[in-house]
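Before any questions on how it binds or moves, here is one chain, the form predicted alone, in structure tokens.
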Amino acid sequence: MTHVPPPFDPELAAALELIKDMISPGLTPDEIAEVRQGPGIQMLAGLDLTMGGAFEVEERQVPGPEGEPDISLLICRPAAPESAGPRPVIYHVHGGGMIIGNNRVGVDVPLAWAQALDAVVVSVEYRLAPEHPHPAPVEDVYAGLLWTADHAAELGADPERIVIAGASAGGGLCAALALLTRDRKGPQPIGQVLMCPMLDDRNDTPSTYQMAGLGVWDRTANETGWNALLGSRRGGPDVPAYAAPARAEDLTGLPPAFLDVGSAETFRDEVVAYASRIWQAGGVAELHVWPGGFHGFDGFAPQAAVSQAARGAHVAWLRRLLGV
């Protein structure tokens, strides 16, 4: 069978052309260390997390999972005084294929939401695979959520209005977190924002084959990430839902979900399937498939019309969810 890929949006195709020499879609295991030290990660150190003075920023070490190291939370609180009681919290989980990144990766997106919504942002740093395979990443993310809910008052935040949000691996970890905290009867988020989430270790949907060698994250890179997280278990019968949420048999009782994905990316089909299964389980989900979008397109080409539409949809959904 021939797998003809859908076309990229013209504005996004132009952006891909500009970055093609810097980002290869087919990340392999031997390239992980190099990418971790790459210019994209190094640039994060100079990021103005205060957004021009709009936020007070601190990094706090808090208890990790029982018997494991502490974890780092990046806490960004609006500098302006509270005007209408405790603020909602955006609990952010960074992307990076389970193998790359820190709690500054992608945090500009929830910070922009927080400016619009008068919210607190807490971004969690979790241990990375392959040095720390499953369940280390999701357990770190859960520990950070526990701390955030327990200490919401000192952050000027409302523990009943925590939204979990992440892109790519961060979106997958948020989906896993929603399942884990449901089953452990932990803090119950009011919503989950799953942006181009990494959900299915099997790496065998039509979109994974269509987009091979294209964009910024293809099936080779996907295999690298999942193998790092799961080792020989990847693709087998015994992968837990807390590692790969697409494996979950029960999607009832989850918080309302916003899911989006590009039509021209590896994760398209698994994201559409996950949204459909939430509806089939009687849940609430809003799904956007952005035409011509590659993986993480709005971060690489934020001025493109489709990127502006995607970012506007995020904020509009959060406004409805939070009633602000």
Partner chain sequence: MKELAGRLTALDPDAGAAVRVIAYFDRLAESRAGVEALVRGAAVLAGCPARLVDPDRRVHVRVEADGIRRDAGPPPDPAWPSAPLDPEGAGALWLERAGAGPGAVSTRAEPTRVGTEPLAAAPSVVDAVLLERAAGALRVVLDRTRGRAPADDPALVETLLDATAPEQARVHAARRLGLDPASPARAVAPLNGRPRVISGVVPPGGPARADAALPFSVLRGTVDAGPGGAPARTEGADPAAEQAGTRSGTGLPAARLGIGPAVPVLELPRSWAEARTALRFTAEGTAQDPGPRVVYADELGGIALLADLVAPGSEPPPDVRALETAAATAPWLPATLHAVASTASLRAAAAGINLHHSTLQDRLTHAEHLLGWPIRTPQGRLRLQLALAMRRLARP
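Positions refer to the first chain, counted from 1. No experiment lies behind these values; they were computed from the predicted model shown.
As for the form predicted together with its partner chain, it is not shown, yet the points below apply to it.
> Is residue 310 a contact residue for its partner chain in the predicted bound form, using a 4.5 Å heavy atom cut-off?
Replying inline: Looking in the predicted bound form, residue contacts with its partner chain do not include residue 310, since no heavy atom lies within 4.5 Å.
>> My question is simply whether residue 316 lines the interface with its partner chain in the predicted bound form - judged by any non-hydrogen atom within 4.5 Å.
In response: Residue 316: no, not in contact with its partner chain in the predicted bound form.
> From first to last in sequence, which residues of 16-38 have any non-hydrogen atom within 4.5 angstroms of its partner chain in the predicted bound form?
Replying inline: If the 4.5 Å heavy-atom criterion is applied to its partner chain in the predicted bound form, 16-38 yields 17, 18, 19, 21, 22.
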